[in-house]
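Here you get one chain, nothing else, as structure tokens; it is the form predicted alone.
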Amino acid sequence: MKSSRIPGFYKMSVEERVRIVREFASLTDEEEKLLLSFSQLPADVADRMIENVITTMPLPLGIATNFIVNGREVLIPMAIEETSVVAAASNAARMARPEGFKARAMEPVMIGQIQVLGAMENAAEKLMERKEEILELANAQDKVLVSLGGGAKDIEVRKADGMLILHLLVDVRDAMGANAVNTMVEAIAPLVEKITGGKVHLKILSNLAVHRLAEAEVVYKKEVIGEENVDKVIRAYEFAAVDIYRAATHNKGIMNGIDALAIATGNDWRAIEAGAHSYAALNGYSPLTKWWKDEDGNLHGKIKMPMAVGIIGGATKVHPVAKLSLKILGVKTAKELAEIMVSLGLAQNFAALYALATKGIQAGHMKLHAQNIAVMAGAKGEEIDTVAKRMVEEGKVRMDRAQEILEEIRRKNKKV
């Protein structure tokens, strides 16, 4: 039986880790070679993805272990440059076993906005009266999407500062949906002008996807994390709940995980960020998670946020590693990906709060950061671990100290 619980995964060689992931996700020989090549984006593919390409800038792709989401064992690919993030997520998931994370995602409905200037007095009512005509015209733009059960489903009308705003609600199925939605709102703009008597200005998707929310819950047993630490984590969360300066960093920690998975799967992490922070600010900027103690004294956490992700279209089907990441995840729908993504965000948030409330955020982070400093100082091979260990023990993780230690090591080696 597959298990994402892989003790000592971080101690293994790259080749050993790839072998384990291959077995877990039933990868082919070619896919294994792709992972081991460390050059997964050919020039011709990169040149088609964006303009003016001159090279690529790779990010490390790690695997977060130990995750159970809705009863299923999951290995989560994460593309990120920041040390300790993957380890923190894996540790948080380990402490949540065996129940793991329970997640739900709403139907994948995105909002297309149409800005109308100079509309007649009763324009909002006129739009609602002709809703079916508007939806029919929108759906004529994407017969394939409609055949899959998606398409334009409803409209909303708002007024703001003298302008009229029409929302076209589109079920985009397994896509992120920007292209489909933007095509539809552009197509219906002339009809909207005719109905409202006004002038349509902007026609564009909104990243505040309030009709496409995802949520996840988790329980950390007091016996696992320490009874005294339940209250410590809650107090840490309450800091973010009352202070916007702390809330900003609280939510950034959540996005460490979500963005890393979004990048790994070729999703638009900037759109997800925009949706997350605007949703957090709907009623005054606040944390995207909540933490409390349940009746048994265990720590209970919940996250809820917009999650506009896709498994078809865009880079998800163009970038070789994005396709491979989706295979490792084993997801079949965009909703399933959204559920894993919010679960990862919740785990990342717990990891940060737990570290901050107990030993401090730098303890684990510095061990890995010290290795980077050692490399920057010029350390090679075994020197890296030796220099890093000394700096951490001394509590002096700095470039100048790394250089001093490296010089000491090399002087001793010369004498020997």
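For every residue, the number given is its place in the sequence shown, counted from 1. Bear in mind that the values here come from a model prediction, so they are computed numbers and not experimental data.
Beyond what is shown, the protein has a form predicted together with a small molecule; the following relates to that form.
Contact check for R212: no non-hydrogen atom falls within 4.5 Å of the small molecule in the model of the complex.
Using a 4.5 angstroms limit between non-hydrogen atoms, K252 touches the small molecule in the model of the complex.
In the model of the complex, the small molecule sits within 4.5 Å of a heavy atom belonging to N256. Taking the partner from elsewhere, E99 is found to have every heavy atom lying beyond 4.5 Å of the small molecule in the model of the complex. None of A352, V69, A64, V387 but one reaches within 4.5 angstroms of the small molecule in the model of the complex through a heavy atom, and that residue is A352.
Of the listed positions (K199, R246, K332, K317), a single one reaches within 4.5 angstroms of the small molecule by any non-hydrogen atom in the model of the complex, namely R246.
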